[in-house]
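Only one chain is shown below, in structure tokens, and it's the form predicted alone.
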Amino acid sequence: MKTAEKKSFSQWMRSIRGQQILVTVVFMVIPIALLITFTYLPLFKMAQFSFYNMKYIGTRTYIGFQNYIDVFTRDDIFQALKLSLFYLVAAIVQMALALMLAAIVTSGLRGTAFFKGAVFFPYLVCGIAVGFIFKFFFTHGFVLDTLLTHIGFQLNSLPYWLKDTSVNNSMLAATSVWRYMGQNMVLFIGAMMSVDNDVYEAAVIDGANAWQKFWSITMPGIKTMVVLNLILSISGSISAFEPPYVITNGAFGTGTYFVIMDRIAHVNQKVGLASAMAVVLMFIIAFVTILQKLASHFLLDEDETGRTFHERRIAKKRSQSAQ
């Protein structure tokens, strides 16, 4: 029985398999090198800086976990983290509005193409420009106050939208609804268009109304997009930066976590503390993402029978109690 000859390295490199591996390695080296240089290496250095009391230039003093303790004990930082709740509520509102508008647009009404473009347009505007637009829009006596006085409100009775701490964070969060609602709407429209139309026709024959078709056919068909938009919205609400930075510069209690981190790093020159804030934010976003994935697996992922994990657990409990 003949044994296969052992190829030399040069012969293996000239073979088809060797050339395939060589091309794969060559094409992977540059992207991996760029990824390590501009992503993982800065991330490692940032985590290293978080254990030091340091400025951009000068000596460094190792202080252990003191920066992380300051993140959770300093009032300005912890208060800034709580402001994320305003943007979280705004994210949920914008998703609900985007889902409603997407359902209307895909219903076949006239003029939906123009409406879709008009709603999506704010997402194309630069975030800095959006900030300046709303800075003048909310300024006392300007656009919003002029509109309200035309419908009967007295100018003196209107609050200072950007200075009044009872409303200013809600106003800033509303700007994110205006800007990102169109993006979510377009994503939902794409997901809805992928649902098989034959299923809708069968539902109409069975006598299903519009709400039943939406809840029983549309929502299960776009659940992956809903989860994706939810993850992006919550992550974005935690890291909100442009609206408070441009419109109020973080004044009057509007400084979000990113705004305070920028101020600590670039104004106060506390690079170690800012690095610790960035690391904490990274872990918060990772934790929220994992939590959402687990929730979607528990409530949305179906097996071959079409039942979710939650429904299978309920069915199992019922069968056990019946026995």
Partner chain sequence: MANLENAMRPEGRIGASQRGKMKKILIQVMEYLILAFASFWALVPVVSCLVTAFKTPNEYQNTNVMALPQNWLYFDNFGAAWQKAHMGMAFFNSFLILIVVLICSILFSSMLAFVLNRFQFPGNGAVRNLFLFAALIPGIAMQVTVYQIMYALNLINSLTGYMILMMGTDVIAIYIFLQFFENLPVSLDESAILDGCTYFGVYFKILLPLLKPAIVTCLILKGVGTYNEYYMANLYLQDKSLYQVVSTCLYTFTGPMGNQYNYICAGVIITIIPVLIIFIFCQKQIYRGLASGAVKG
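Note that the structure is predicted; figures quoted are calculated from it, not measured. Positions refer to the first chain, counted from 1. For clarity, a rigid core is taken as the largest C-alpha set superposing within 1.5 Å between two forms.
The next section is about a form of this same protein that is not shown, the form predicted in complex with its partner chain.
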Thinking of its partner chain in the model of the complex, which stretch from 98-106, 164-172, 78-86, 193-201 has heavy atoms inside 4.5 Å of it?
-> 98-106
Does its partner chain get within 4.5 angstroms of any non-hydrogen atom of F252 in the model of the complex?
-> no
For N268, is any heavy atom within 4.5 Å of its partner chain in the model of the complex, or not?
-> no
Is F27 close enough to its partner chain in the model of the complex to count, meaning some heavy atom within 4.5 Å?
-> yes
Interface membership of S275, its partner chain in the model of the complex, 4.5 Å heavy atom rule = yes
So, Y40, F136 and Q292: all three within 4.5 Å of its partner chain in the model of the complex by heavy atoms, or not?
-> yes
Stretch 162-194: residues contacting its partner chain in the model of the complex, 4.5 Å heavy atom cut-off | W178, Q183, V186, L187
Do you see a C-alpha shift of 2 Å or more at T149 between this form and the one not shown, with the core held fixed?
-> yes
Aligning on the rigid core, do we see the C-alpha of Q292 shift 2 angstroms or more between this form and the one not shown?
-> yes
Once you line up the core, how about L232: does its CA shift reach 2 Å between this form and the one not shown?
-> yes
